Ligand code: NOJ
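Presented as structure tokens, the chain that follows is alone, the form predicted alone.
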Amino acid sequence: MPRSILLVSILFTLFSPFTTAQQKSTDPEGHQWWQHAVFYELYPRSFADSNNNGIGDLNGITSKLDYLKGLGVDAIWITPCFPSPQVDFGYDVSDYENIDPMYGTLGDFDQMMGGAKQRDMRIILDFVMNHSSDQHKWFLDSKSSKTAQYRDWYVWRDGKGANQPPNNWLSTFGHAAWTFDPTTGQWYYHFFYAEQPDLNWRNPAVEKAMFDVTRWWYDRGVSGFRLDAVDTLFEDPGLKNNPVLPGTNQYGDPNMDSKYNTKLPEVHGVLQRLRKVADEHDAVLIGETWTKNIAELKNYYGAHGSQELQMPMDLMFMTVDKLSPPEFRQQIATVDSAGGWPVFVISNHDKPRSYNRYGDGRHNDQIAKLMAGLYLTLRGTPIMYYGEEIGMENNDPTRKEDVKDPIGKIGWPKDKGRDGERTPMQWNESENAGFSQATPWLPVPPSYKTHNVEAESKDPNSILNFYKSVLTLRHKEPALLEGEYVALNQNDSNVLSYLRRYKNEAVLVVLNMSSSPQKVSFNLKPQGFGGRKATTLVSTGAPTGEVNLSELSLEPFGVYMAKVSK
């Protein structure tokens, strides 16, 4: 081989984002890369439209990498961008190893990956493990006959009788979780829509094929996966009926305890084996884990010393839907004591935006900063949702005929679906918020005129610049990266405060969760800090410079962060 070609080959191996086994990246304290990273979830349909057809795409994401880097983002989680009939907007995958043409090509993906690597950023993909699309080649074969090659890759059963499904299980999106297929005279199971048949994870061939999917993307440079709906992978093989509870849900179905088709123990074996594959690639697994208590959370980290998910998302933190210091303290303490690395989320593509959930209609911008001051300073890894940093609000449909999300079509008007939290990113005050020159797939709210990246970049007091300040602080303060969480003034029902303590220094975080001014006093001697002085780092309407902690005044919904030393 000529020396010039050999040199090119070596350089490509060293610097290509597509090497099979990535070098392990730990800091001097032994932390993995994902423990200090700030993650950013974006919805590709709604982030940036490069070809002006009204739908966001991968090239649009690539064009905004500098913005994300400047914001303080280290890893980007992209919700499904694989080929899909789009029944559930990508969560019905018809090909796990390609890109949907509406978002671009594999070449576009590679270009985005290269751009992220140049900026020392990582890409995380959404892995839909529980089900495929009914248009996937596996299911098309599976439904063709009872002896088809892929028949046992899905869950097929006889009904109880004529027009009667095998049991009483319900789809989480409404009505029966079974659909009859006349070709073979059997019913197939789907925890979600009928167009999303569940994979049969009791079949080893399914596990191998799905694990190979992750390897395929790791080889392309991906740094991990967010695992969709992991608690639904297994069902009781005896198909026991679920217990029926009083009342009905938003779809008019009986309320039900999903005892026999969610949270079965077999899921942990799959996740432990999937973790071994991830570890070979220095990759992270983020779980969509709706845990109800500390025991469930510990199991997802890996009970009895087994390695499972590095980052099971504490979605219960997101269910604290009011500014309640006691409730936040309790949830933080639960997660902090679970034995793993905490993950904090306040919004995502399935939940109304935090701006609406926590806002009071008068102080929403202040409250948006308050919530940023909370979830970006706790011990653990935060996952931002696109637009949180500019105070994007929900834009829910007002007419059923405008609804795009099938949940809203089925559940209207009690459930209007998830369109409202998935609207286009607001870049500037031009038409369609600068997202696209074409009519966007979802309408932007009127607030885009004031709440957009361009306008807020120029305003030193904006939500965006507050996020940047806190994220800059998070990246440079060892106490925020490494420090333990120490709750303070735990009887205060208005102000949430805590230390992030690390060696001989700490960062004090004080959050006024009330609509009235508050005065607080701190004695940090029990925590090893004898002085009453603190040096302000970030604040909203609070004193700057050196502050006496004997009496600290906070404005309504005020945030104060300071450095204290021994």
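All of these numbers come straight from a predicted model, not from anything done at the bench. Residue numbers run from 1 along the displayed sequence.
Keep in mind the form predicted in complex with 1-deoxynojirimycin is missing from the figure; the text below concerns it.
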{"query": "Proximity to 1-deoxynojirimycin in the model of the complex, single hit among 282, 95, 228, 429 (heavy atom within 4.5 Å)", "finding": "228"}
{"query": "In the model of the complex, the residue from 467, 178, 192, 154 that sits within 4.5 Å of 1-deoxynojirimycin by heavy atoms", "finding": "192"}
{"query": "Contact segment among 117-125, 451-459, 155-163, 87-95, judged by heavy atoms lying within 4.5 Å of 1-deoxynojirimycin in the model of the complex", "finding": "87-95"}
{"query": "Three-residue site 131, 173 and 288 fully in contact with 1-deoxynojirimycin in the model of the complex at 4.5 Å by heavy atom", "finding": "yes"}
{"query": "Any non-hydrogen atom of residue 266 within 4.5 angstroms of 1-deoxynojirimycin in the model of the complex", "finding": "no"}
{"query": "4.5 Å heavy atom contact, residue 418 to 1-deoxynojirimycin in the model of the complex", "finding": "yes"}
{"query": "Partner proximity in the model of the complex: residue 196 to 1-deoxynojirimycin, non-hydrogen atom cutoff 4.5 Å", "finding": "yes"}
{"query": "1-deoxynojirimycin contact at residue 409 in the model of the complex, heavy atom, 4.5 Å", "finding": "no"}
{"query": "Interface residues of 348-371 toward 1-deoxynojirimycin, as seen in the model of the complex [heavy atoms, 4.5 Å]", "finding": "349, 350"}
